[in-house]
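Provided below as structure tokens are two forms of one protein chain, presented individually as structure 1 and structure 2.
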Structure 1
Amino acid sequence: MMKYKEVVKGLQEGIERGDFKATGQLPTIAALCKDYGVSKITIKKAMDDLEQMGLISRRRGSGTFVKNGAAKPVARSGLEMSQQMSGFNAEHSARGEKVESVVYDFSVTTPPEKVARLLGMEPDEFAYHICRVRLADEVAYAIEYTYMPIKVIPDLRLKHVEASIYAYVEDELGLKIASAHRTVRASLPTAEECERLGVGQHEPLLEVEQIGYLDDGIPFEFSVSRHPHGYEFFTISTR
């Protein structure tokens, strides 16, 4: 086995065992070089692999952090990385399209147990719940169901939900959105989704379940978006 693969295997197993605390910092490159008896180049190559596997995030000047939820390994698909974390608004506005959001729910709630766990929340903590349809040039591209922890994304308002939540997170809160774990599947629409998206009841939707992370490895978003026929999904994103 190549040296860097040994490092990847050792750190991955350590993360999955819980040797390294979720959102906690990994040892320094110098410390890892000493532990594994390898060069800095070997450690950096191993870090590249762990980052692409969705187990860690690197923050310039601060170090390398274990992602919350990293104990559940994320399979590498061989797909290329992209800049998809820019968000729906930025993506379609860049094409010169008119972007709109129809908001059906914007409320505060305690999320379901699974969602709370994935977001690193206590059972009695509150999150925003958002349901909205995203349109570009008056065409519905997606219906989104989103949870965001209030402690991570404070003071979110309807004007942000109607425009771009990601722009609020980065431009107003000064946080950096770094990456996402995504699961893609097909699903049939509900009667409500048929009406809101203008699709037939037997027309499959492309469903994307996503956990979004900031650059320090803290999860800030759990969302499920459902897309009508014609939507193209290219990669699992990291930037």
Structure 2
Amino acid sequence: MMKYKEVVKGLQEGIERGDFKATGQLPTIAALCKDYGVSKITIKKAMDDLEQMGLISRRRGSGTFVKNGAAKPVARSGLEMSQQMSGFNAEHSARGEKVESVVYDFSVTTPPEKVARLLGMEPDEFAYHICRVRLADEVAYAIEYTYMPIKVIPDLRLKHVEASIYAYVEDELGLKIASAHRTVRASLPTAEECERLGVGQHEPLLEVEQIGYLDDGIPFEFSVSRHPHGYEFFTISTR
């Protein structure tokens, strides 16, 4: 394991144990260098991680502070971490939930102009179109509309769509999913969606539009997911 990850783990556990409650501060970088037997830059990289995780705040000239309330972060419980990028299966399976999909459409078509542009496709190129309702422990969790260029993701089959598209892309095709650009907004269900999700026509939905990228910068998916009430999305922002 990389040294800076060891430091991240050690400090995170310390924070959760409440080791730094007395002062509210972590030891200085110099002290941590000695403690862990590593160089300054390694401690700094670990702190970059902890800051991203929302656990600490740094102030030049005065020290590194544990965020009040960071010990028991709500973020870890049932929320979607916007930092993460793992697909529904990984997220829910990790919580021990049974994940299923109902596939309403799986076809090949030329995508709408906006989608083609966002995916860097020519107007006459083909893409899969997928509509799925995702269930976790038999509860509808989202209805999801996805376009994926056939050029980028060859030979996608119904069995993959019913199971996990991400697993097919990564494990079978050997591609690496690297990042996603997401836009979140509120919306209302269509009549069809009311039926498929089992919600009322006035139930507000959280809509997440996503462009997924591989590690070579190629977009491999455009999707819109609409989530019934109760679904939350968590983010940490820094200046």
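The term rigid core refers to the maximal set of C-alpha atoms that superpose within 1.5 Å between the two forms. Numbering for residues begins at 1 and runs along the sequence of structure 1. As the structure is a prediction and not an experimental result, all values here were calculated from the model.
For the form predicted together with the DNA, the corresponding chain is the one labelled structure 2.
If you fit the rigid core between the two structures, you'll see the Cα of Gln52 move by 2 angstroms or more. Superposition of the core reveals a Cα shift of less than 2 Å for Val224 between the two structures. Once the rigid core is matched between the two structures, the CA atom of Gln12 is found 33.8 Å away.
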